[in-house]
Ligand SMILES: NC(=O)c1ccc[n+]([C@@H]2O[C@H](COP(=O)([O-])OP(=O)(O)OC[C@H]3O[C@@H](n4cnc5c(N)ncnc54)[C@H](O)[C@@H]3O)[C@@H](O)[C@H]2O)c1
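One chain comes next, on its own, written out as structure tokens in the form predicted on its own.
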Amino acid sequence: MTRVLVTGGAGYVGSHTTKALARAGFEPVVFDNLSAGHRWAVRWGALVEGDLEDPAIIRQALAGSKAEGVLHFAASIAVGESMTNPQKYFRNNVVNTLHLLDAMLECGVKNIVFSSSAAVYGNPETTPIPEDHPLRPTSAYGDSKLIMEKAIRWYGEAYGLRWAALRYFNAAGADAEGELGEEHDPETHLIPLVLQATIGRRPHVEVLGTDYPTPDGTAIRDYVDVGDLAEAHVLALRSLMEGGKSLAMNLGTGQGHSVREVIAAVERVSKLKVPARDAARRAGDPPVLVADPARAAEVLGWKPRHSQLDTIVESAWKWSVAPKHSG
């Protein structure tokens, strides 16, 4: 059975992908320091507790697991925080990823699927956004992802690394079988914030920006189901292992929904009123981010199957009201 090291595999997208890997016949090995991930989310393979700050531990994990590929999710992800604490983002997302790449070279591991972001595009000139759109991030987070895309590409050119950089738009939703979901502390993603306000876990949700040049004045995003994202990672890994071309690819639906439309969807699904307050824009946020997902469809045969807004919100709603894990 092919073993795969999954860095950040105890986190949100990482844990869903670990489940998808196991279901597809791979043997995942999770590498996580549990600073943001959850021990209870590691259910489909072994857990190696370690930090990407330590190159020796990474080498041990790669050699000990005999991994033939890496799925790299371990990163700091909050756009707003990256604007006030860029040091954290460049150290964790850039320096630590270089440690991982160097360990892969030393251990002879040639395949990596990298968790990138639509944040590499910055303010889009065209919508939907194709992969050849200019790359001009407006946040330290987006810059950290773009720097690593460039580094991985050059490692491919120089050392034969095979790679896929998957540029997520907005990961959302929860596992269809109710085994996994979104649990960040602090939470920064819109749908769980709206749900927390709906069930009284926070007094209200803030609508960050009501003066964008959009139909209702609020920011528009392309929401893609986390299970669909997980499937794309499995397909990308298979493609690389079978000799497929190294590429950056968008993961999105090609359709955008505004903040107010998300709130309306939560009210439809929950049949409850969402307490919401208007607030100022968040630094670094473009008004519209919508993917052109054609390349992933063409190269991987990937199409999101569960990414209708109400379907995403329904799975997230079920997770938000379910009994919570501990640990």
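Position 1 is the first residue in the sequence shown; the rest follow in order. In this text the structure is predicted, and so the values were computed from the model without any measurement.
Quick note: we don't show the form predicted together with the named molecule, though the next part is all about it.
K.L.:
Pick from 290 to 298, 261 to 269, 44 to 52, 59 to 67: which stretch has a heavy atom within 4.5 Å of the named molecule in the predicted complex?
P.N.:
Looking at the partner contacts, the answer comes out as 44 to 52.
K.L.:
Indicate whether the named molecule has at least one heavy atom within 4.5 Å of a heavy atom of H184 in the predicted complex.
P.N.:
Yes, contact at 4.5 Å.
K.L.:
Consider T138 of the chain shown here, and say whether it contacts the named molecule in the predicted complex, taking contact as heavy atoms within 4.5 Å.
P.N.:
So T138 does not count as contacting the named molecule.
K.L.:
Is N111 part of the interface with the named molecule in the predicted complex - any heavy atom within 4.5 Å?
P.N.:
So N111 does not count as contacting the named molecule.
K.L.:
Taking the named molecule as it sits in the predicted complex, is S117 near enough to touch it, meaning that at least one heavy atom pair lies within 4.5 angstroms?
P.N.:
Because a heavy atom of S117 falls inside 4.5 Å of the named molecule in the predicted complex, the answer is yes.
K.L.:
Can you work out which of S239, N96, T253, T218 has a heavy atom no more than 4.5 Å from the named molecule in the predicted complex?
P.N.:
After the contact test, the surviving option is N96.
K.L.:
Does anything in 2 to 16 come within 4.5 Å of the named molecule in the predicted complex by heavy atoms, and if so which residues, in order?
P.N.:
Result: G8, A10, G11, Y12, V13, G14.
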